[in-house]
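What follows is one chain in structure tokens, specifically the form predicted alone.
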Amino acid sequence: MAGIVVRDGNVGRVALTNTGRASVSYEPSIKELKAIAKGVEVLAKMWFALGARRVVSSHRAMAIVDNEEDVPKLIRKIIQDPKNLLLGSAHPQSGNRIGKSPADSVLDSNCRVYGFQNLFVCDASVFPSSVGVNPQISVMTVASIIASRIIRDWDNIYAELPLSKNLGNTCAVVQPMYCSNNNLSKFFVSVKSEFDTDSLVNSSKNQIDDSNWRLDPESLMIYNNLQWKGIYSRDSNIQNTLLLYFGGFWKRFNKNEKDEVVGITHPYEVPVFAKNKATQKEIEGFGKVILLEYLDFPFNQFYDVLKIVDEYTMLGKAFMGTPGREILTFSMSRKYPFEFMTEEDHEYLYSKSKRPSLEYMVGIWSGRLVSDSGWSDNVFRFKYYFDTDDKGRNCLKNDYVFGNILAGAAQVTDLEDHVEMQDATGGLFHDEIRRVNDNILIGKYYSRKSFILDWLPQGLSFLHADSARDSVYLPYILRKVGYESAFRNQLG
């Protein structure tokens, strides 16, 4: 066995498909093909000269060469039919190339990623092109040079950079919505709550308004004091996945005439409003906690043990019976990240959002459906671009892919308070879209007035009833994920 190693040029491209998947395209140029062909010719002749009865090649259209006289035929196939040539790759390079401009490069001359203050790359991907040999020594050299520059400039540049207070999508006791069940249980044991039952009390209002709801446009954190939103752990097993998408709940607390803290627990998808009473207790094994006892049958067979982390965050365990069999561990928040938005949050945010300009919408957007219990994964993709209509007028158009199976095009119309999209359904369905910030759009996919409302159960996941219109819609959020590839005639 023998191989041919060829130093290729920058002839590949990585892009995103309409469904958000990675698309890698690579075809060797004629220069590489000639080098491969020459190598195959030398090796094949060598093997026959050494007594080989046949030679196995990596070209699928001519995998077996029975004699030296057929070698020229194999060479022609390599040059003329490269798609059937099987290639392997070693030491990939130039994926994050250094350059003078972010227009054609990822890194500046200090290996710092364009657009970032303190993100560096120091491996073979930084090379402007392939070096053609094992790059180990070159990688070590680049890493040493960049490390020495970072050390040299640390006090004057990097030490002065402000640290971000954003923890990201990581599990922490102050943001337990990203935690697994095991981590939630550990936090529950370790937390010593200094808060009393009065800390549970929510807004006295019965609906969202500016006094009990707000969105921080920078951190994209939602503050909702209408109730405590219950959030299950992030475990990926079947049982928890079903809870995430078909479960979910909220708890709302107030004070009664006896100055007791009482509340309601409501599962989003079920018309149940279980009354409860909160008292402060010292429970062996848990310490100082808030005991939540349910008052009416059959819910009085259950109780919750709560620990308040801070004014926005709570950890809880649910039990059945006395002394009690543990059912689940959960967290509750009245300040939570954007991606934990409920349908009610979505509706209120939509009412406060403004119409986007058509120019702003140009680009590629990834969409997720919003429901009370949990958001969907990224299930659709929009591409907005300017083009001419059948009358030669310039207009904004949309290409969409939904669920990786349904694709089509829509016409975009600029209306007074929103942007509307009409697809090929003849008016049966349409989108209404507004703008949240520079990278986020908020939308509703409406159906025409329909008999569906006569049997639609309240709170059905991802399908929201709009009683004002006697209609239903899918609430969703769009995030901008690209610009250039939104235009036609470009890959991706």
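From 1 onward, residues are counted along the sequence shown. Between two forms, the rigid core is the largest collection of C-alphas that superpose within 1.5 Å. Note that this is a predicted model, so its numbers are computed, not measured.
Keep in mind that the form predicted in complex with a small molecule is not shown, yet the notes after this line are about it.
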Handout entry: 4.5 angstroms heavy atom contact with the small molecule in the predicted complex for residue 139
Key = yes
Problem - Proximity of residue 363 to the small molecule in the predicted complex, heavy atoms at 4.5 Å - result: no
Exercise for the section: Verify the contact flag for residue 90: yes if a non-hydrogen atom of it lies within 4.5 Å of a non-hydrogen atom of the small molecule in the predicted complex, no if not. Expected result: yes
Problem - residue 123, heavy atom within 4.5 angstroms of the small molecule in the predicted complex - result: yes
Exercise for the section: Could you spot which one of 134, 378, 204, 148 gets a heavy atom to within 4.5 Å of the small molecule in the predicted complex? Expected result: 134
Completion exercise
Of 76 to 84, 123 to 131, 284 to 292, 352 to 360, the segment with heavy atoms within 4.5 Å of the small molecule in the predicted complex is residues 123 to 131
Exercise for the section: For residue 143, state whether the C-alpha moves by 2 Å or more between the shown form and the other one after rigid core superposition. Expected result: yes
Exercise for the section: Classify residue 133 as shifted (yes) or not shifted (no) between the shown form and the other one, where shifted means its C-alpha moves by 2 Å or more with the rigid core superposed. Expected result: yes
Problem - Core-superposed comparison between the shown form and the other one, residue 362 Cα displacement 2 Å or beyond - result: no
